[in-house]
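First, one chain by itself: the form predicted on its own, in structure tokens.
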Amino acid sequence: MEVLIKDKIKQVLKGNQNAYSYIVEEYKDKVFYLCYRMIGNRHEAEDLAQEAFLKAYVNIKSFNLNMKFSTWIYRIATNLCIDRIRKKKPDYYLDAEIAGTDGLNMYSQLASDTESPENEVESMEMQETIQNEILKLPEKYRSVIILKYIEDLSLKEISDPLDLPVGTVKTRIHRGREALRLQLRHL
């Protein structure tokens, strides 16, 4: 797949703008979920993912064809998310409790296709709790935990976009995991 992506990048560099749509299709979900895990807000994550692809397109000439495109786009998206986190305190989340209700949020208003609504709710609550706890981690631990356990990247693939040595990534993963374990010990 990486060879095909690099071929599409070469086409974009030659002026074929349509080739970039293939690249976006290949990576849009992964970049969105990376942003969503870091930001915790679907709409902001969509905006950031779109911004990442736009920034990548504008700067495609600076892409090193010897590197993986996924590493490059993840680095752009991660940096945009970190910038957004630094600039803005969270003000509203779609999973926030609805005023005047007894613990209901917008997710509880969605219809479910699953056979067991109880299991779905329990799973959703657990995911929400874990996501909220991940959001409480310091930024330097949050990004490596998301890239390692949610995006399932190798240590090398994490170290490249964050511009950190592999040893530092290992340390941050360990410390982030320990901090998350302490935060989730009440479960």
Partner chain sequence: MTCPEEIVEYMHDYLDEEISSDSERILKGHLQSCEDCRNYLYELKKAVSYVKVPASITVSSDFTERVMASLPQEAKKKGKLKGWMMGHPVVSAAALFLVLISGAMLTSWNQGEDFSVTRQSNLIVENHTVIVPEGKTVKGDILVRNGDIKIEGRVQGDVTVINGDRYLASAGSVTGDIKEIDQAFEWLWYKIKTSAKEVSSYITTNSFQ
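Bear in mind the structure is a predicted one, so any value in this text is a computation, not a measurement. Positions refer to the first chain, counted from 1.
Another form exists, predicted together with the partner chain; not displayed. Remarks below refer to it.
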Consider Ile9 of the chain shown here, and say whether it contacts the partner chain in the predicted complex, taking contact as heavy atoms within 4.5 Å.
no
Check whether Leu4 has any heavy atom within 4.5 Å of a heavy atom of the partner chain in the predicted complex, and answer yes or no.
no
Spell out, yes or no, whether the shortest heavy atom distance between Ser159 and the partner chain in the predicted complex is within 4.5 Å.
no
So in the predicted complex, does Leu164 come within 4.5 Å of the partner chain, heavy atom to heavy atom?
no
Taking Phe63, Tyr74 and Lys140 as the candidate spot, are all three within 4.5 angstroms of the partner chain in the predicted complex by heavy atoms?
no
Residues in 22-58 with any heavy atom within 4.5 Å of the partner chain in the predicted complex
Val24, Glu25, Lys28, Asp29, Phe32, Tyr33, Tyr36, Arg37, Arg42, Glu46, Ala49, Gln50, Phe53, Leu54, Tyr57, Val58
